[in-house]
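In the form predicted on its own, a lone chain appears below as structure tokens.
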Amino acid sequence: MPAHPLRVAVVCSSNQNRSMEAHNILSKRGFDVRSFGTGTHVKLPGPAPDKPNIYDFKTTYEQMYNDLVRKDKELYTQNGILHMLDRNKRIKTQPERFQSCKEQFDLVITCEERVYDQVLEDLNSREQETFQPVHVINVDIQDNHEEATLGAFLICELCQCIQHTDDMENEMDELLQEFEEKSHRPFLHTVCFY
């Protein structure tokens, strides 16, 4: 078992739904967790699929919430976006970009393959300083409320199993294989170094 609690980052595209649901569950289970997005902007569903609400990462969850209430409170209540933003603002002030964070983690879990690729690109472009390993794992999770909740519990279970391994470096591949079989989901895994 690691000498310190796992430092976990959960990453999706906009740091709104999947990463925040996992952040919420993991923090309630006592993990040292942060959540991020990798997109250039934060996108939330709009009145039509081709009309998303687009915000800068500096925009607070509170500001997004108030903006959507002003635009169409009924629509954004009905589709669950206001509920999601309400949860988010209780966890942290605003979304964060993974590429802007220089903190080191033991484990970075991404929620879709495109985000996994962006995280790997960012980590591999950094100057290696400490040679501290970081395991980057992708768990594909559809971007809807129900799948985000199911995915968050799967991520939590995975983190709990990793936390209790005697030798994370040598047991990771076997552990991920067990999770793939159990969840019927493919996992991607790469080790990078800080």
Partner chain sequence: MMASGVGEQAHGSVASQFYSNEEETAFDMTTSEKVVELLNQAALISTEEKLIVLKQVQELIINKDPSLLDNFLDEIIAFQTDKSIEVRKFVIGFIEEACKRDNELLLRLIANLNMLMRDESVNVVKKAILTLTQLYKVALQWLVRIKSVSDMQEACWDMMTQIKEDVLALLDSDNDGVRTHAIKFTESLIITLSPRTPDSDTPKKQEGDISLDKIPKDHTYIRYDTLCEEGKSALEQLLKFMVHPAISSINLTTALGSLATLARQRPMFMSEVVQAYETLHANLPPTLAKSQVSSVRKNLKLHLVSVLKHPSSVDFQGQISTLLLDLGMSQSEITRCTPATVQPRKRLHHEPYVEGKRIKMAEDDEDKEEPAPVVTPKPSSSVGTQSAIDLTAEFLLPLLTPDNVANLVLISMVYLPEVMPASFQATYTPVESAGTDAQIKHLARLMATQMTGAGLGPGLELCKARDEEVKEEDGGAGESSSKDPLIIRKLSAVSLGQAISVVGAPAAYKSPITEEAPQIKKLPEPILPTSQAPGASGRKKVFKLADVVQPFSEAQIEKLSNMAIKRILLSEKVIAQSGMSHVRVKLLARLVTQFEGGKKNDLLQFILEDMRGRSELAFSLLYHEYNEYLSQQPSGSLDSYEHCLYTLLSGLQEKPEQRDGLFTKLVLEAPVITDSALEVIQRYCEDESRVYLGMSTLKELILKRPSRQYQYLNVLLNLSSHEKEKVRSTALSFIKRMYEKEHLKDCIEKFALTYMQFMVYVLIFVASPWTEETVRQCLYLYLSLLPLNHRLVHELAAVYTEAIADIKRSVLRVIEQPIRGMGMSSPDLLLLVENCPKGAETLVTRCLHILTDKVPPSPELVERVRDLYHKRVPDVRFLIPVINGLEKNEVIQALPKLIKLNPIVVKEVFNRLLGTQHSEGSSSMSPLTPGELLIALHNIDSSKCDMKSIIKATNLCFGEKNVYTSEVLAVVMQQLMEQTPLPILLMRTVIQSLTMYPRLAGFVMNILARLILKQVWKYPKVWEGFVKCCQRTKPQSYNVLLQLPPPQLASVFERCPEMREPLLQHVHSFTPHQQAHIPASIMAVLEANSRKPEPEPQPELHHPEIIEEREVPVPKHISMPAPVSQAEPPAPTPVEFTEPPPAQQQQIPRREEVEEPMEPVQELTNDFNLQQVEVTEEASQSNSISEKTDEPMEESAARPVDVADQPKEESEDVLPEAGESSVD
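Note that this is a predicted model, so its numbers are computed, not measured. Numbering follows the first chain given and starts at 1.
The same protein also exists as the form predicted in complex with the partner chain; that form is not shown, yet it is the one meant from here on.
_in the model of the complex, Gln104 touching the partner chain (heavy atom, 4.5 Å)_ = Result yes; Gln104 sits at the interface with the partner chain in the model of the complex.
*Contact test in the model of the complex: Thr93 vs the partner chain, heavy atoms, 4.5 Å*: Result no; Thr93 lies far from the partner chain in the model of the complex.
_When the contact criterion is heavy atoms within 4.5 Å, does Asp117 count as touching the partner chain in the model of the complex?_
Yes, Asp117 is a contact residue.
*Check whether Phe131 has any heavy atom within 4.5 Å of a heavy atom of the partner chain in the model of the complex, and answer yes or no.*
Within the cut-off, so yes.
*Looking at 44 to 52, 122 to 130, 64 to 72, 147 to 155, which one sits within 4.5 Å of the partner chain in the model of the complex if you count heavy atoms only?*
Contact criterion met by 122 to 130 only.
*Sequence order please: the residues of 174 to 188 with a heavy atom within 4.5 Å of the partner chain in the model of the complex.*
Residues within 4.5 Å: Gln177, Glu180, Pro186, Phe187, Leu188.
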